[in-house]
Every structure is written in structure tokens, then in C-alpha cells.
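Just one chain follows, in the form predicted on its own, and it is written as C-alpha cells.
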């Protein structure tokens, strides 16, 4: 699939997730097979006000990540246009506008999925952004604000008309947040309505799910979000072919690499939160995970956290992993 002039290899890629899809996790996902990744949302107001955290922490990426899509969040052309231009100047290969975040603190200011409520206003914002940047421009949307306002198809047609290069559709409404089942048929309706590439997102937990979504909806690519948390190897088709010992060794390498990146890229007071959060997810579906998590989140330094995890991980019986995972389904 091509998004503008950027080739997206492979079927599945990592979805942008606030507080999760930072450079360390994106790099790990890329090394596991996500050929293109998208940053977590970058606030246009923060860029406009030259906020250091926004500009140099959240927007930071590694050279090895290219091509990289940087996602911007905002509610008006006055900040989104210069924000998108700044991200382009930082080397973004693709600019993605967040039109799907359902969180109240975001939507109450007109950002995220609130942009789907006023189509004419949003059309003007998209047109202004399209005119201001030269790199491919994409949007990520939901099926609509609520069940009474399912306007993903309308939004997609409008976006195509103003020159958007591709669209990602998460077929839950804003009202659903992340609950209930996503309605993949809505993705298929968007695919049928426009002639630009569509990526599907929602309830994809494996490459088998990704292939099924592609077959059922006609999308050219699939984003995996929550299904990759604690399982970035989900993007590697060869992972399922390994025996349990092979999987355990693969996972150990990935986890160690992720921990290394966190320690290299974040100051300890920030990275400690990231490390503990991700190590907790990596332990999911295994033995004694509850007691391990209590000890993990009680650690106060990188070294202490690493020690807690290493002791736990070395005690895990690889032959039990599949049995425990099955029991949790």
C-alpha cells in the first residue's frame, strides 16, 4: 500500500496510543514487523506555545523509525496548520490528524472525535492543513459521535475531496469509548465509498484477525493497538511457528531490548513509569502475575525494577504459557 509517496509494507502496523506509542515502544514494534508506526497524539497547542515536553519529548523519534507518521491533535486551523508545518520540518514522512480520541478532556475542547460533529468546519481545517504541508496527510476517525450520528462515510468523502491521502477507521462511536464490539461493516462502507487507501482498526489481536478484517472489509492495511500492548511480536508472522521455548526466548530478547530503549530515551522519573507499565503487560497470562505486579509497582529505581522482573521472568515455565493464556480467553 502507498500513502502518497510512502510505501507501507506488510498488512499490520502499530496504532497510535496516548502514553504508549512513544519512540521506545514504536521501535520495538517496528523490529517485530510493524513497517510503519505512528506517534502518540502531539498537541498542536503545545507546539504553538513551544512547550518543551510536547516538542522534544512526545514528538521525538529515532532515525531508525523512518518512515514515521506523526499524529497531531487540535481543534482549529490557527494551531493545527503551524503545528503540522513544524512536524513536517522535524522530518515527519506523514502527518496524521487525530479525529478519533473519545476522551472527555479532549472532546470537550473540540479536539479528537469532536471534529466529526461539524463537517463543514472540519473540512475547512483539513483544506487549510492540506494546503500548508507537502508530505502525505492522513486522518484517523471513528464511526461517528454516537449511534444516531454514524457519519464516517460522510467524513471520508469530504476528506477525499480536500486531498487527504488515506484514512484509518476505528468503527466504534465516541460514546462507546473502548467498550463493546467494533462494527467492522462500517469500515467496509468507508472502503466502498472512497478511492483512497483505508486502514482498519479495532478488535484486532492477532495477524489472523488482521487477515480476517482485510478479507471482510477490503482494507489495504490494519492497525493493531491494544492487541500489541505486552505483545509487540503480534506483528511477526513467524512467532506462532515457534515452540514454547522458542517463543519464550524471542519474548525475552524483545523485552530486554524494550527496557534498554526506555533507559536510553527517558529520564528515570519518566521512564520508570513506562518500564513498570510495559513489564506488567509483558507478564500477562503467566503464573503468579498478581503478586509480581505488586512487587513491580513498589520498585523505586530502574535497577530495582529490572531486578524484580528478572527474578520473576527467569522463574516462568515456558511450557505453561500457552496453557495459562488459553485459560484466560
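Remember, predicted model here, so these are calculated numbers, not experimental data. Positions refer to the first chain, counted from 1.
Quick note: we don't show the form predicted in complex with a small molecule, though the next part is all about it.
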18, 41 and 223 all contacting the small molecule in the model of the complex, non-hydrogen atom within 4.5 Å: yes
Looking at 254 to 262, 115 to 123, 225 to 233, 150 to 158, which stretch has residues with any non-hydrogen atom within 4.5 Å of the small molecule in the model of the complex? 225 to 233
Of the options 74, 144, 202, 83, which one has a non-hydrogen atom that comes within 4.5 Å of the small molecule in the model of the complex? 202
Touches the small molecule in the model of the complex: residue 111 (any heavy atom, 4.5 Å): no
I'd like to check something about residue 138: if you look in the model of the complex, is any of its heavy atoms closer than or equal to 4.5 Å to a heavy atom of the small molecule? no
Tell me, yes or no, whether residue 98 is in contact with the small molecule in the model of the complex, where a contact means a heavy atom of each within 4.5 Å. yes
